[in-house]
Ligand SMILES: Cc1cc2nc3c(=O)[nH]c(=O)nc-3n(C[C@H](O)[C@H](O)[C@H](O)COP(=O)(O)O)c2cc1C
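Read the single chain below, which is given as structure tokens and is the form predicted alone.
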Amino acid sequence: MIFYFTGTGNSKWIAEQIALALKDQAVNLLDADPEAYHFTEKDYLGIVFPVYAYAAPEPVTEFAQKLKSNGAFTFTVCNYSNVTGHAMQRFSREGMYVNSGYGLLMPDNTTVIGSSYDTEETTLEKLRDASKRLDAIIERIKAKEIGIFESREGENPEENSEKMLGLFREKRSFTEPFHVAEDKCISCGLCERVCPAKAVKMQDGHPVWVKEKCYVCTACINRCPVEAIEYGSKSQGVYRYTFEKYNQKVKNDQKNRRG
């Protein structure tokens, strides 16, 4: 069983590709009861998540804490746009012990820091290479390699993991900066439906952030079909990303080249 948490689609795609290769299932962990699953030594148990501030998102760790692996081969694949720090090692300590872990470089979706690690061009470059990189990871998962944490950790990974996670949770996970341009909003309600923290509610035809904090997964910003949502001034001018949108562009480019 492959569980995933996703905001803009990267982790969902990764989990689905792994599940396909293992003839298993990919499940959104927000829709699952961890205590309802039972594993044996014959099973694979994988967790796929995006790295937020050098760590797994809180609901991922909380979900994993309630899983009982019962000898299943456990692994994690985290996706990141820059570096991971010790995100997987921390998850293995605080969430669920994993036999191995891998990082997969994917496009950046953090529209809330005033800049992006990617442009539309580098986003397409990363996606063109993603399948090949993931195929290599899947082969190692199939081989049940143990004791591996392989990713781009960056400098001082343990120190930075502690520092950045604390900063994120104390100062950067507040919803107050989120706002909507009402003249652009089409009242579709998609932002409410995709928010994993249930922090967005539609009121009088427009989204309102009803919780003080959220996971800052950026699903609401990036999935808004008319780009009506902003995060203070930091998201202004930063491109919007979803896996589905840009993966389709890659497919179209490949089709045009063949044509």
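Just count from 1 along the sequence shown to find any residue number. Since the structure is predicted, the reported quantities are computational estimates derived from the model, not experimental observations.
What comes next is about the form predicted together with the named molecule, which does not appear here.
Heavy atoms within 4.5 Å of the named molecule in the predicted complex are found in one stretch of 192-200, 23-31, 66-74, 217-225, which is 217-225. In summary, among the residues S100, S151, S81, T123, the only one with a non-hydrogen atom within 4.5 Å of the named molecule in the predicted complex is S81. Looking at W209, you'd find every heavy atom of it more than 4.5 angstroms from the named molecule in the predicted complex.
Mapping the unseen interface onto this chain, M106 counts among the residues with a heavy atom inside 4.5 Å of the named molecule in the predicted complex. Although the partner is absent from this view, V51 contacts the named molecule in the predicted complex, with a non-hydrogen atom inside 4.5 angstroms. Contacts between stretch 1-26 and the named molecule, counted in the predicted complex as any heavy atom lying within 4.5 Å, involve F5, T6, G7, T8, G9, N10, S11, listed in sequence order.
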